[in-house]
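The chain below stands alone, shown as structure tokens; this is the form predicted on its own.
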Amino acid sequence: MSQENGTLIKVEDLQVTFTEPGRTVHAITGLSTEIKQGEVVVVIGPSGCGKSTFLRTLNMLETPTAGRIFFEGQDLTSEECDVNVHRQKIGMVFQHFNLFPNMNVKKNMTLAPVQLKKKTQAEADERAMELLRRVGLDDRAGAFPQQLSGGQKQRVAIVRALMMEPDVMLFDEPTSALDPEMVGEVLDVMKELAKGGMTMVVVTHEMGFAREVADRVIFMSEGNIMEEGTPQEIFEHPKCDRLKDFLSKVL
């Protein structure tokens, strides 16, 4: 169920403040945006500008200090909302894979859907093998995370999230912990997902990916959106000086 005009996620005046010893950090300062069904949104910006915090609040891994987040019309920030129910429809892929080290690849993938009674073990096993085939890892189903390369771990993390058949996928710098030669194999999987119509919000430093795959690029600085637009608008016709300065360093 999406909101009016195909909006899947709506963020209104989001604020996130952390208290650290001796100082208050305003990580997000009144950010508002919408993410449409089937849209690929790439979030770029300097380190420490609030990109990952913004992404983590979308499934309430960080609690907003103020503002509201609507997902499929439901206010996730409302006390009446059971966030865990909605979180099942939000796939999340982290920088450091977060696989269970004591379980093999297939078990990592089937655990959640079986425990949450979304699938029987047999159905989950079948789906896991299907997804592993898609990312070229069906021969690694019995391997444990420590036996995989970084790129393989991240591909497993992506298909593990897909096991829950999410309505949106959130990627938090999915390639930044990888050796450069492994980045491409993970981005290829993400490109395939985008082609298949998956709604995606991706925080990344991979400007080539942003340029090629994004429908919309959001540039963040100091906890808010400074500029947003199509890849062409952002990379070829940046308006604000802060974005121009950022691009001069990364392109």
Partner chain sequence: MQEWFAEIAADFTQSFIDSDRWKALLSGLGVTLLITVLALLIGVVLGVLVAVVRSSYDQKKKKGGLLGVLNTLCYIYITVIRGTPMMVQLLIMYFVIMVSSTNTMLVATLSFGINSGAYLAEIIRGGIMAVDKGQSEAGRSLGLSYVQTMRFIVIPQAVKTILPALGNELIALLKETSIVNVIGMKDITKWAINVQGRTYQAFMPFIGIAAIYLVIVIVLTKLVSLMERRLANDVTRKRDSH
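Model, not experiment: these values are computed from the prediction. Residue numbers count along the first chain shown, from 1.
Note that the form predicted together with its partner chain isn't included here; everything after this is about it.
Only one of 195-203, 39-47, 217-225, 54-62 lies within 4.5 Å of its partner chain in the predicted complex by heavy atoms, and it is 54-62.
In the predicted complex, its partner chain lies farther than 4.5 Å from every heavy atom of residue 122. At the 4.5 Å threshold, heavy atoms of residue 126 stay clear of its partner chain in the predicted complex, well away from it. Within this chain, residue 179 lines the site of its partner chain in the predicted complex, having a heavy atom no more than 4.5 Å away.
Taking the partner from elsewhere, residue 164 is found to have a heavy atom lying within 4.5 Å of its partner chain in the predicted complex. The three residues 6, 11 and 70 each lack any heavy atom within 4.5 Å of its partner chain in the predicted complex. Although its partner chain is not shown here, in the predicted complex the stretch 107-138 places heavy atoms of 111, 112, 115, 116 within 4.5 Å of it, in sequence order.
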